[in-house]
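What follows is one chain in structure tokens, specifically the form predicted on its own.
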């Protein structure tokens, strides 16, 4: 019996992380409040000895808070969970992220996490086309937005103020044969570039505009509630932000942070993301209602390192085209 008990304890030790499962974890995130609380609650249910404290704000403000604390020598955050990989690439280049190559990346495509384990995608938030169901043209292609039917009827977030919109712009200019000429055509067709995704949804659902570029979950959620909108995944493919998570090199609770990263990308964590209405990053998890099969969603390639290097030039190019 003693031999069996010893063997059982050894097996349990093999299956569980070696580090302590107690104490605190401080999360800095740009997730919506509801999502952040649900994520913290689910993690604490799995690890009741760990208390999660989270701070939520837009990515620029979150980064400003983190940097101010780091410069003062009083870093508080353990994990960043923010919208885009460009910011993560910058932090990695500065040596501010802790590599976690031991993370369990089962089910994650290699393109969805950093090769050194500096950050990990937690979901896919694609940008496609929303249209008001009163519109006479149902768009199927990005190029449809340059047609006369969309004249003065397109709203889209500005990449000058939205990181996700900048990723979308860079993805389209890199992948569409028209390149930056596509955005020149949009501007000539009277496209309006301002505000964020919520502003686009308001404009299209309210009938102020008939078409918009927008992240997927907003119109899909609102359509399910009866709003007069529909979402299209264009035939050329869609851009995606992946809401990556990373452990900070200055993390006071690095072991708990590793548990949190593993939880986010685990089957359990990815089912939570799906229940919140997002496309899970991990294969094998059912998508939320209203989405096509995962295999039918074509993701356009995106080079985060190149985007970081060319960020200023891309913003200036967009500003020149739209007179901003």
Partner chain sequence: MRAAWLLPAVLTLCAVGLIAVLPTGRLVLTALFADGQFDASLLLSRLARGATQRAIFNTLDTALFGALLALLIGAPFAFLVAATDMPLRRLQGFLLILPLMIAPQVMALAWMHLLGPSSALLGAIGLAPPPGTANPLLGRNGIILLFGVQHAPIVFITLRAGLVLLPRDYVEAARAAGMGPVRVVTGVVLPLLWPYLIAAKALAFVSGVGNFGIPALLGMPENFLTLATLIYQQLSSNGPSVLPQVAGLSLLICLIAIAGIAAQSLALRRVRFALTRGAPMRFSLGPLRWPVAAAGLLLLTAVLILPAAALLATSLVPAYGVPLSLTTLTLDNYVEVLLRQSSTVRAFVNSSYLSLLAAAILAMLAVPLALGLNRLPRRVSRMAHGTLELPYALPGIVLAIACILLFLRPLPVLGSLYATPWIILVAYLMRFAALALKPVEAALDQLAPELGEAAAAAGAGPLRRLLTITAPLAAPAAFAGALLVFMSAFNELTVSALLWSSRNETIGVILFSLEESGLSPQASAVAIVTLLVVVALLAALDRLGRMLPAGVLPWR
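In this text the structure is predicted, and so the values were computed from the model without any measurement. Positions refer to the first chain, counted from 1.
Although not depicted, the form predicted in complex with the partner chain is the subject of the following passage.
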(message) Which is the contacting stretch out of 176-184, 92-100, 138-146, 203-211, given heavy atoms within 4.5 Å of the partner chain in the predicted bound form?
(response) 203-211
(message) Whether 134, 153 and 228 jointly form a contact site for the partner chain in the predicted bound form is the question; each needs a heavy atom within 4.5 Å.
(response) yes
(message) Using a 4.5 angstroms cut-off on non-hydrogen atoms, would residue 268 count as touching the partner chain in the predicted bound form?
(response) no
(message) With the partner left out here, check for me: in the predicted bound form, does some heavy atom of residue 74 sit within 4.5 Å of the partner chain?
(response) yes
(request) Verify the contact flag for residue 69: yes if a non-hydrogen atom of it lies within 4.5 Å of a non-hydrogen atom of the partner chain in the predicted bound form, no if not. (result) yes
(message) How about residue 104 - does it come within 4.5 Å of the partner chain in the predicted bound form, if we only consider non-hydrogen atoms?
(response) no
(request) State the residue from 278, 43, 291, 54 whose non-hydrogen atoms include one within 4.5 Å of the partner chain in the predicted bound form. (result) 54
(request) Note that the partner chain is not shown here; using its position in the predicted bound form, name the residues of 26-45 with a heavy atom within 4.5 Å of it, in sequence order. (result) 26, 28, 32, 33, 34, 37, 38, 41
